[in-house]
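The chain below stands alone and is given as structure tokens, in the form predicted on its own.
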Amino acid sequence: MVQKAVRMNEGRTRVEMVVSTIRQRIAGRSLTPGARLPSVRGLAATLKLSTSTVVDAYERLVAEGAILARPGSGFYVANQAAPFALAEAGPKLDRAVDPFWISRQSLEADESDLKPGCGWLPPAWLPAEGMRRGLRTLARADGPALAEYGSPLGLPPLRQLISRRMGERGIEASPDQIMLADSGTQAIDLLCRFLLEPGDTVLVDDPCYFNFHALLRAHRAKIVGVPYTPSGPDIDLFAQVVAEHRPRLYITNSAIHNPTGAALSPVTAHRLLKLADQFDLTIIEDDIFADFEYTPAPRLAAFDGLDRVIHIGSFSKTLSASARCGFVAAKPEWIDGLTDLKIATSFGGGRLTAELVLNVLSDGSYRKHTEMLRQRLSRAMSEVSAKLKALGITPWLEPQAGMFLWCRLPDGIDAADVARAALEKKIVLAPGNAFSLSQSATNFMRFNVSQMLNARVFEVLGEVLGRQGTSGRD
């Protein structure tokens, strides 16, 4: 009877596996409405299952309305397919390493929750008084600034200011080569719409910012990862991957890499650009952490002159996440096409936010604010690094700037288990596999040092690590 029960349970599991596989393919649009499903015998042979298991799975999907049975013809995806489910489009992950899990927990946390896994600064670290001054100035502005759509390219004085700021980092871009966006994320979204077709291959670092994965899946791209080193992507493997997969895009952070905190070396930058030219590769350089640097790291856009490199930035990290404003800098012929796409998807620009950002950036206090911010982050980096080491948590490298520490947990500790246990204590963490396409960062974790100056974070980490270590020895 026990063996029979086991076989029955295994049978149900196999049926559920087939159902889940078909649902995922429908949700990810690899099976489109009206598409014919593999034959029962064909799928059974492919999956090495019995035909009865596949029949049971197909019948369940028919009952749900996901597929249709046509006698004598086979099974087909229903014409009224379910809406695209982004969480279903990628590989099934443990919910604690799912980027949506981290984002939702961080964004929905209440004021008593601690968020060392989030990617932004505490409100007290941001220039609240400068924002208030900017809002007061804006309140006295004329009618168009408060009520009219912005131009598609964005507020001209702000684009001029961004052009000057980019020049300080060696990137030459006229204001007409700069288009404002609602955020750095929207900038990448527009670029993916502009440059990609479903099924195109995109190269990312492994690890990389986890929302790159989610955004690229939303565009039905094929994602390929290359291991990241302290000086940039592993350039030899990079060369192999671009030769084999011929990716359309490569998305990266040249300075203050997320999550590692590393910076691209000049040698790696030059070799990257040679490969990009050889294999007709376009590079999106995400530079949203630029104002955290003491000394600017090499920028691909500076070496390349905005030929194959598209440079994007944002002010959410240093000003306010509530006043969303980013930008794209690219060659003129691409800016024209991006502008049309921006009109099609969001019509005019967000003029009110652009006016506010311009006011704050033009205020002499902003440079003082960023200087103070760099000093605070440097002190926090040193303090947090020492406390983590005392718990047996080892930084992968000591970043020169920024807010992130990419750390290895003690041997045998699974970062996802730590994240789940810490969440019970109202602490949101960011386990490593959320950033790793290859899922090779099981015992890594990204820590935001600005969000770790509460002793309770280390108390809970110590308690959870001790418990995980004990259970691992049992």
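Position 1 is the first residue in the sequence shown; the rest follow in order. Superpose the two forms; the largest set of C-alphas matching within 1.5 Å is the rigid core. Since the structure is predicted, the reported quantities are computational estimates derived from the model, not experimental observations.
This next part talks about the form predicted together with a further copy of the same chain, which is not shown.
Asks: State yes or no: in the predicted complex, is some non-hydrogen atom of G150 no more than 4.5 angstroms from a non-hydrogen atom of a further copy of the same chain?
Replies: G150 belongs to the contact set for a further copy of the same chain.
Asks: Is K317 close to a further copy of the same chain in the predicted complex, meaning a heavy atom pair under 4.5 Å apart or at it?
Replies: Contact check for K317: yes, within 4.5 Å of a further copy of the same chain in the predicted complex.
Asks: Residue-level contact is defined here as any heavy atom of the residue lying within 4.5 Å of a further copy of the same chain in the predicted complex; does Q186 satisfy this criterion?
Replies: Q186: contacts a further copy of the same chain in the predicted complex.
Asks: Indicate whether a further copy of the same chain has at least one heavy atom within 4.5 Å of a heavy atom of A63 in the predicted complex.
Replies: A63 belongs to the contact set for a further copy of the same chain.
Asks: Just to be sure I understand the contacts: of L126, L391, L275, L361, which is the one whose heavy atoms reach within 4.5 angstroms of a further copy of the same chain in the predicted complex?
Replies: Of the candidates L126, L391, L275, L361, L126 is the one lying within 4.5 Å of a further copy of the same chain in the predicted complex.
Asks: Using heavy atoms only and a 4.5 Å cut-off, determine which of G349, G117, P207, G402 is in contact with a further copy of the same chain in the predicted complex.
Replies: It is G349 that has a heavy atom within 4.5 Å of the partner.
Asks: Choose from 254-262, 295-303, 365-373, 126-134 the stretch whose residues reach within 4.5 Å of a further copy of the same chain in the predicted complex, heavy atoms counted.
Replies: After filtering at 4.5 Å, what remains is 126-134.
Asks: Candidate spot E197, F279 and D336, all three in 4.5 Å heavy atom range of a further copy of the same chain in the predicted complex?
Replies: Looking in the predicted complex, the three residues E197, F279 and D336 all sit within 4.5 Å of a further copy of the same chain (heavy atoms).
Asks: Which residues from 361-385 come close to a further copy of the same chain in the predicted complex, meaning a heavy atom within 4.5 Å?
Replies: None of them.
Asks: After a core superposition, would you say Y58 shifts its C-alpha by at least 2 Å between the shown form and the other one?
Replies: Indeed, Y58 is displaced by 2 Å or more.
Asks: If I superpose the two forms on their rigid core, does the C-alpha of V19 end up displaced by 2 Å or more between the shown form and the other one?
Replies: Yes, because once the rigid core is superposed, the C-alpha of V19 moves 2 Å or more between the shown form and the other one.
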